[in-house]
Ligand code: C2E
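One chain is shown next in structure tokens, namely the form predicted alone.
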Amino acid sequence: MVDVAILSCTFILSFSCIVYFLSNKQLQKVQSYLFLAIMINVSVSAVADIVSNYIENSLVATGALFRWQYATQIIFFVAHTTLAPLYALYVMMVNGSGLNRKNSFFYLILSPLVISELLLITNPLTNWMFYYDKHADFVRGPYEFVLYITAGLYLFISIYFMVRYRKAVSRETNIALWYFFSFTIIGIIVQMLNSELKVELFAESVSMLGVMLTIENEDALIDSGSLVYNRSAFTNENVRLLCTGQHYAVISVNMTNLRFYTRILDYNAMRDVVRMIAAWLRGCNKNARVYRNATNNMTIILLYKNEKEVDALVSTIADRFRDTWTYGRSEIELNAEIRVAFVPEEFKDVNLLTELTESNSDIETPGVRVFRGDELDSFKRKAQVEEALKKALEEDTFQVYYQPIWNAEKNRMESAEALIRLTDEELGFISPEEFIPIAEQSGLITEIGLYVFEKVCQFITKERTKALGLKYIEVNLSIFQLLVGNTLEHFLEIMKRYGVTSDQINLEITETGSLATSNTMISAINEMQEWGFKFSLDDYGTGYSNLSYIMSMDFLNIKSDKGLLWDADTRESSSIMLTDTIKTIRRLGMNVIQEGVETKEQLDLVVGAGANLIQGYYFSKPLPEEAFYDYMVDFIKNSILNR
């Protein structure tokens, strides 16, 4: 009765899995239905085998009892024969290779199963698969080998699709598929070697338990705020669909004024509103899968049959967002940017698709706007630039240029500003004005900042640089770098490695709204000043800067914005404001670096107002290292000759 005990454990385990699975999962994918079918199959097979074995081992099977034994044996074979093809189909759905296949593909795949099942169903008439002899003992039929050939064929199909489309799913999913596939095969082999050990079904039920706890466990892929799939799930799904050559649409809904309502509604109310929107989107199309990629973003992936289906869904979403959303007594009007991309016709890269959903407008434009086709080029460009930045970091292809800064009081080049430049093989020259904001948004600015800092330290320690007599190098420091807690530690480690002291580097920051006055940033600046670093404030005269702020932060240099200088050429009010600002800062005891000086008239204006440090094309444009050396040597020679 050991076999009955093992089969009973198999049933209890598989049935428990079914109950747990149904109570903890919403069946939204074919993959989940197939998994449920596999578990039901194992349970039915176990029950049928229990009854058959119990009758065979304990009772004399005659009359009706024999018919029960025969019927349960047929049920077992019919159910168990479908297990291998179900697993093959499950593999195809997990890695996406079975999506959007023509019906003829599945007819071909399932034809061996149909043949096997027909042989089993007609077995009472033919005895081709099995029969019972006059002693009621089970006897294998002459065509039972067909079942083994069928099972072997589907096992081969499973292996083929697991190998071919292994890149379509994560490493963890691949490991899970192979591990539990192998565990099942071991169970089959053990039972083949010892037919008394009914471990095949038990191994299959244990395998399904493992699959349920790994592949089918989507807790880590669900956004708790909206109860739809999260950003990681979106990325995984796009990888899966792209690797298997699917054609689909991505519809990104960016609610540009959602943050406004977070200031009005409490957390629970806002969560309910987001869930209400997510649930509505999920119900728009049964083939649509909804993701939340950012706080104010909902994105749909739709495997469409024709573009009219996409157009209809976009129209439905747009019409709904033109109306209000009702929550309790509140009427919520949400502005929406709806971006529609066809994959892979328009977007072929996961990073481009992520950029499409995560690049959110800060301008709360009223109403609903739909972007598609050429209107999405800016999102593609942003993602392409981000990839170029990553590539430049990996391949060390950034360049650091240096622009000299002239001391008007000493008539000498006192320092220089380090400026990063990027030329990509595919995109060509990319302006810092374009790639720096992208680097800040993507988080790459920290790596880029450390890259520039190390290049500057290398530059400072060269004998050729020492001979130029520069007091320090101005290095731009993003406020986002200051918000990263380990920036100072990295700087100190790099300086120690190259033997550079803090007085040889001056850090230049640009004030950015409330971030600049945050306690975190102020504390970071104070800590760096304690280690001997000094700071310059860039672009003074624009944005948020004021005199009380620059006095409280103890800046060494204040850099006057070039825009105000250039306006001074044509507007007297700008000229007055510029000269008064320079005079005020100088009276406060700080240096003024006037950037953007290009003409003798501009030079005379700012020097006359008291600016003591001058930077601009009048002296030199930013130069690569070798050209900078040549320029500085020539400048020093000419200065000596003109004394």
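Superpose the two forms; the largest set of C-alphas matching within 1.5 Å is the rigid core. This structure is a prediction, so every number in the text was calculated from the model and none was measured. All residue numbers refer to positions in the sequence shown, first residue = 1.
Heads up, the form predicted in complex with this ligand isn't pictured, but that's what we're talking about next.
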| query | finding |
| --- | --- |
| Location of this ligand contact in the model of the complex, chosen stretch of 574 to 582, 45 to 53, 612 to 620, 31 to 39 [non-hydrogen atom, 4.5 Å] | 612 to 620 |
| Site test, 420, 566 and 597 vs this ligand in the model of the complex, non-hydrogen atom cutoff 4.5 Å | yes |
| 223, 508, 386, 414 - the one with a heavy atom within 4.5 Å of this ligand in the model of the complex | 508 |
| Listed residue that, although this ligand is not shown, lies within 4.5 Å of it in the model of the complex (heavy atoms), from 436, 265, 301, 524 | 436 |
| Partner contact for residue 346 in the model of the complex: this ligand, 4.5 angstroms, heavy atom | no |
| In the model of the complex, residue 562 touching this ligand (heavy atom, 4.5 Å) | yes |
| Close approach of residue 454 to this ligand in the model of the complex, 4.5 Å, heavy atom | no |
| Partner proximity in the model of the complex: residue 446 to this ligand, non-hydrogen atom cutoff 4.5 Å | no |
| Contacts with this ligand in the model of the complex, stretch 64 to 97 (heavy atom within 4.5 Å) | none |
| Core fit, then residue 561 C-alpha moves 2 Å or more between the shown form and the other one | yes |
| Threshold 2 Å Cα movement between the shown form and the other one at residue 615, rigid core reference | yes |
